[in-house]
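First, one chain by itself: the form predicted on its own, in structure tokens.
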Amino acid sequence: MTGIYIHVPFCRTICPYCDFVKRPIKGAAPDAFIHALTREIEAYDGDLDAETIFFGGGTPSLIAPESLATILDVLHRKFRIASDVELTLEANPDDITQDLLDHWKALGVNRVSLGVQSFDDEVLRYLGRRHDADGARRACGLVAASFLNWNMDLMFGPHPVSAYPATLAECASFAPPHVSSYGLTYEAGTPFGKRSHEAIDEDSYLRLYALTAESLRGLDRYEVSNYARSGFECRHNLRYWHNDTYAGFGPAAYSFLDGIRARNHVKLEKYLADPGGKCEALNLTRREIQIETVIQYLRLREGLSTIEYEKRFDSSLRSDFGDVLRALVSRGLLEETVEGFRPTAAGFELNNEIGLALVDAPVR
């Protein structure tokens, strides 16, 4: 089985902190993009059994319902889609209407990821979002009434920082089965890159990170930044964290198939002229795949079991990485169990430290 990711690179407005590949448009996603996307899907020649489909962006909610129907029809003709497929579509609160939600459900969308970020108008203005707090509340109410499985995206760190606890309280009032909460980063190359002096300090960051887990008590933190009720974990994103295969379609989309990590053309014009053409393709070594697999699993509360590792690589986790893993245990970032290794609370907070240690792990 594989996962399908579709990148929709269009937004009504460009948020000043965003470093994803995107293009501002006034209307719906253009026909030229839909045509190129369907051509790329039709030309695909990899794994055909798919269990997840994820429309990300950008703003996938800008796809007109008839265009979404076209894309899904091509996917169903090309792939053997699992009967219990998880089909996620990311959406901006401003785009949500009951009519649109009804269209999505009729087309098979069964999970919506709503980019709320905050329920505070001052924070939303700081972030350059096109919706306001009332619009976020309205959208959450409609999505919660229409979909059993949905996600609310939140962000901590934007000013005023003091607004975040109230946002967490409002989030809980809607009882989403899944919440993703990320710290604001001031990425180079974005308008916010020149405002990095406004970033909160590390202690404040960790305090807000801890507050998220404390406030979302009805949800389990199953990954560094993701919280869910049991059974509502994002199956598509788990493919990334398990370092499983996925096929990416659309400009700048990544794929990981047959040990090759490839990326589509980033520039929209290049993609439209050559759908599916690659700007990079790396044939990863066995060692690189092993390291990436361990790093990704250790983002998850469940961690990595020795049985899972041995089944995948026909090798011993403790023999291949035991020294560095035990060193991380001694630092308090990992816990060693009978089954294997998993992150501690500190390992969630300082997860990058785990990754850095594993990248530098000596070859046994």
Partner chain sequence: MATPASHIRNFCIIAHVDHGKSTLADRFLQVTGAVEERKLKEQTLDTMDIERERGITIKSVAVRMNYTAQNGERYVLNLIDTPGHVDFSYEVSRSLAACEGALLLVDAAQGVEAQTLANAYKAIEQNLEIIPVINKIDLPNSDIDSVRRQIEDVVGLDASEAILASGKEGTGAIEALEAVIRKVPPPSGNRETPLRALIFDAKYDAYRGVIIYIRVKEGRIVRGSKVMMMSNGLKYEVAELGTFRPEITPSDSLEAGEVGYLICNIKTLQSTKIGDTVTDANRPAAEALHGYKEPQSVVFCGLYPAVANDFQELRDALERLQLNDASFTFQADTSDALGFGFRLGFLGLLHMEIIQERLEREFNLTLVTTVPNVAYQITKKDGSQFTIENASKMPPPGDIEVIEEPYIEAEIICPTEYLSGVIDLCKKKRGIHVRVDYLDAKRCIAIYQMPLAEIVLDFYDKLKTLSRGYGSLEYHLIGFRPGDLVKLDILLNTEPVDALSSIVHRDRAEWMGRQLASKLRTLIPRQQFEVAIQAAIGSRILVRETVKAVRKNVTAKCYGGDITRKRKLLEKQKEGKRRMKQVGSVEVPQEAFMALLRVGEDADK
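This is a predicted model, so every value here is computed, not measured. Residue numbers count along the first chain shown, from 1.
There is another form of the same protein, the form predicted together with its partner chain; it is not shown, and what comes next is about it.
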Inset, instruction - Can you check 102-110, 238-246, 133-141, 165-173 and let me know which stretch has heavy atoms within 4.5 Å of its partner chain in the predicted complex? - result: 238-246
Legend entry - Contacting member of 67, 38, 305, 296, with respect to its partner chain in the predicted complex [4.5 Å, heavy atom]: 296
Legend entry - Heavy atom within 4.5 Å of its partner chain in the predicted complex - the one residue of 233, 292, 95, 120 that qualifies: 292
Legend entry - Non-hydrogen atom contact residue 183 with its partner chain in the predicted complex at 4.5 angstroms: yes
Inset, instruction - Answer with yes or no whether residue 10 is in contact with its partner chain in the predicted complex, where contact means some heavy atom within 4.5 Å. - result: no
Legend entry - its partner chain contact in the predicted complex: residue 225, any heavy atom under 4.5 Å: yes
Inset, instruction - With heavy atoms only and a cut-off of 4.5 Å, decide whether residue 356 touches its partner chain in the predicted complex. - result: yes
Legend entry - its partner chain in the predicted complex - contacting residues of 247-262, heavy atom within 4.5 Å: 254, 261
